[in-house]
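We begin with a single chain expressed as structure tokens, specifically the form predicted on its own.
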Amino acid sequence: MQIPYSQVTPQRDYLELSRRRFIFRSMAAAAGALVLPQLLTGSGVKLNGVVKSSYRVDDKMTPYDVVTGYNNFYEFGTSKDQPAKLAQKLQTSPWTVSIEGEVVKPRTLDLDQVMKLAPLEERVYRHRCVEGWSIVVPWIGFSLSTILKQVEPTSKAKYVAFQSSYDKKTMLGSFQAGIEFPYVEGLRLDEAMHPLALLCVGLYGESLPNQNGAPLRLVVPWKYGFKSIKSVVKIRFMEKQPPTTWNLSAPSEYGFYSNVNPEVDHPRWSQAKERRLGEFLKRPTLKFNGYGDQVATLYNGMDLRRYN
């Protein structure tokens, strides 16, 4: 029997932080290697009834300890090891997500309602960061389109905007993090409705750890990782293209679409290769992160160097 999220003990109450601190060292300057020591044993709540989806790559999965110990989550630190410690302040219960804007039936759902919308699937996706590293994760959730269809978008809806939770008492301020909060992201409506776009509630058979975006996040596998917004509290259908955090912060570096494109360099580094965390050598970056067969038609006729 699935435990309701309202009855789940918050992770901050049972994580033993002192023995689960992550230390990540890059030896690239000396030998091109990564040292990935073990930390973080299982800390989430087991998710029952999860089925294996056909949406899965054959790549070797990145170890749980790495996935949960090396994170971008600027609300809880700008260094990769900080969120695993500081994100335990995140209050994940109770939690609601509002769906509003250009819709016929706006709704506010709590987590128990979200979990009942569709069977949970395990999808093994590649995840590529704009900084040049990548991971392969068995995410758990269901297609984002499932929740979006609940509110019946109007004919004016062309985009979907997302907003993360923000609590200035427990999270960094914008000045400290270097970006504006709350964190916002956006997709074109057809991107958001694509079956690969995942509304995610877990990984490796368990509920999401706080540092990975608990209790509810997006995973958009053909785009750079910052598009997969964490700890979502608001979804809004819009007629015009919504603002996005990194595009606002550095428009010359981060475009709205942010599809993985090795042919377009970041202004400060090449995107042609990536380092899979835990591996010694770099590998070629795949266009659309290897999902071109599924998503390339979304961008027919677009200049993907201009609209990056």
Partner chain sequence: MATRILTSRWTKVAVFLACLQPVVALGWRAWRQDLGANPLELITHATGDWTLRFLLLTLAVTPLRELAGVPQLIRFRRMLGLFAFFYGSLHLLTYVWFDKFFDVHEMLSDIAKRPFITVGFGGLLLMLPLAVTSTAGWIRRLGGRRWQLLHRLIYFSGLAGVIHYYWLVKSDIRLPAAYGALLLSLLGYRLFVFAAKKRAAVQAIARPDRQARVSA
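None of these values were measured; they are calculated from a predicted model. Residue numbers count along the first chain shown, from 1.
The same protein has a further form, the form predicted in complex with its partner chain, not shown here; the description that follows concerns it.
This chain is drawn without its partner chain; in the predicted bound form, the residue among Thr78, Thr146, Ser98, Thr170 with a heavy atom within 4.5 Å of it is Thr78. Residue His266 is the only one of Lys60, His266, Lys52, Lys46 with a heavy atom lying within 4.5 Å of its partner chain in the predicted bound form.
Relative to its partner chain in the predicted bound form, residues Tyr64, Ala197 and Trp222 are all farther than 4.5 Å at every heavy atom. Residues placing heavy atoms within 4.5 Å of its partner chain in the predicted bound form fall in a single listed stretch, namely 176-184, out of 147-155, 119-127, 176-184, 203-211.
Its partner chain is not drawn, but in the predicted bound form it has a heavy atom within 4.5 Å of Asn72. Of the heavy atoms in Gln241, none are within 4.5 Å of its partner chain in the predicted bound form. Put simply, Arg56 is far from its partner chain in the predicted bound form: not one heavy atom of it is within 4.5 Å. Its partner chain in the predicted bound form is approached by Tyr254, whose closest heavy atom lies within 4.5 angstroms of it. Contact residues in stretch 270-308 (any heavy atom within 4.5 Å of its partner chain, taken in the predicted bound form) are Ser270, Lys273, Arg275, Leu277, Gly278, Phe280, Leu281, Lys282.
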